[in-house]
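Here we start with a single chain on its own, the form predicted alone, put down as structure tokens.
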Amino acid sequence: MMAHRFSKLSSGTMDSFIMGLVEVAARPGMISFATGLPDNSLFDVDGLAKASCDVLRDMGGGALQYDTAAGYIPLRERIAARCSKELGFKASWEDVILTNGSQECFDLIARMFLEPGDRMAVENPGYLGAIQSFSAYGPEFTGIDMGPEGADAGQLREAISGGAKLFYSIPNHQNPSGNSYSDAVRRDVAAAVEGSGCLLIEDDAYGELGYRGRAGKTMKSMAPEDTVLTGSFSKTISPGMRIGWMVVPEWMRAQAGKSLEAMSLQSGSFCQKVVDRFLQEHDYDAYLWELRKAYLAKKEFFLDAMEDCLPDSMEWNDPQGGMFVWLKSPEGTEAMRIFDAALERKLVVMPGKPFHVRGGGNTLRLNFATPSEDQIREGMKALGAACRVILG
């Protein structure tokens, strides 16, 4: 029989290191600091159950029917209103495109703008899931180094001069580093992309999870015609409901809707209706403050355990939002060896190197949101022992 061949674009998609670890973490007796999952105990199960019943009672079979390609209009109106209230820019509901999680936004944007061999700028380190999505379209990635204040705007300007068509960024509580852009870096990045021909993808997945509120102004508010802002309810309400969105410039609306319709016809309208009803029946800001308090408490517990258990040669940051701590072993060491030693002790951590276009061999990403306090205690002892075995 003649062999079947995958397309070149399909074959070019990067492997997912993260999803492989999900399977490892699910084995009996394992503790995981590896994945990007929220805390199950913080989901409002009763509130979502009530919202589901209310939608079905009030809308009947219509709740289960197809909807518009770009999504349920009342929820799009609600997101557009929040852009004006909290994100610093005005948006029409027509600018809001609902998707199957923000991951689908990345595929849609790549589908609309990338040809094989095009140049694309990404944070270094940057979110692996997005880079994997973009990789399917065959771009050449240019890494823009991330520091404690955010992306290196000078490197970005150089990348744009070299023809970068897109720049993917997470300015708030970045995945994987947990760092946020300073106000100065936000202004510099917005100025670099404005009118340049390079489209900025501003991923706001963690923007609502700043422990003291939002970390800074959106770059969408500074360069509105050159920025697509993506967001999601996955980190605040439910990842399994798969409700993401992108807020696009008016010039992009028609193509975005057409591309989404061609890809998936529409995103899940029943879940959109449920989340809209949930938001109608709850004070979202009060709800978010409870989440922020809970994640702040978990972060502080996690950092205390790191201080107690890890050797002095290890360095880490103190993020002001989100779900991740960025851990570094001494320069010249390989954190992958720590990963292996931790795995032998039934702890799964996420090596930092896969998030990098270059470098990162001495880094690890730790998620403090998912494990319980007991798991944090035991897992941190295992991580400390692994570090000492490898580093001496």
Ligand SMILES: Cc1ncc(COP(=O)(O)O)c(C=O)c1O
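Heads up: residue numbers just count along the shown sequence, starting at 1. Here the structure is a predicted model, which is why all the values come from computation and not from measurement.
If you look for the form predicted in complex with the ligand, you will not find it shown, but the lines that follow are about it.
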Problem - Three-residue site 103, 127 and 235 fully in contact with the ligand in the predicted complex at 4.5 Å by heavy atom - result: yes
Practice task
Could you confirm whether residue 206 comes within 4.5 Å of the ligand in the predicted complex, counting heavy atoms only?
Solution key: yes
Problem - residue 168: touches the ligand in the predicted complex, heavy atom cutoff 4.5 angstroms - result: yes
Exercise for the section: Indicate whether residue 242 is a 4.5 Å heavy atom neighbour of the ligand in the predicted complex. Expected result: yes
Handout entry: 4.5 Å heavy atom contact, residue 142 and the ligand in the predicted complex
Key = no
Completion exercise
Of the candidate stretches 211 to 219, 226 to 234, 192 to 200, 114 to 122, the one with residues having heavy atoms within 4.5 Å of the ligand in the predicted complex is 226 to 234
Handout entry: Interface residue in the predicted complex among 133, 180, 267, 175, criterion: non-hydrogen atom within 4.5 angstroms of the ligand
Key = 175
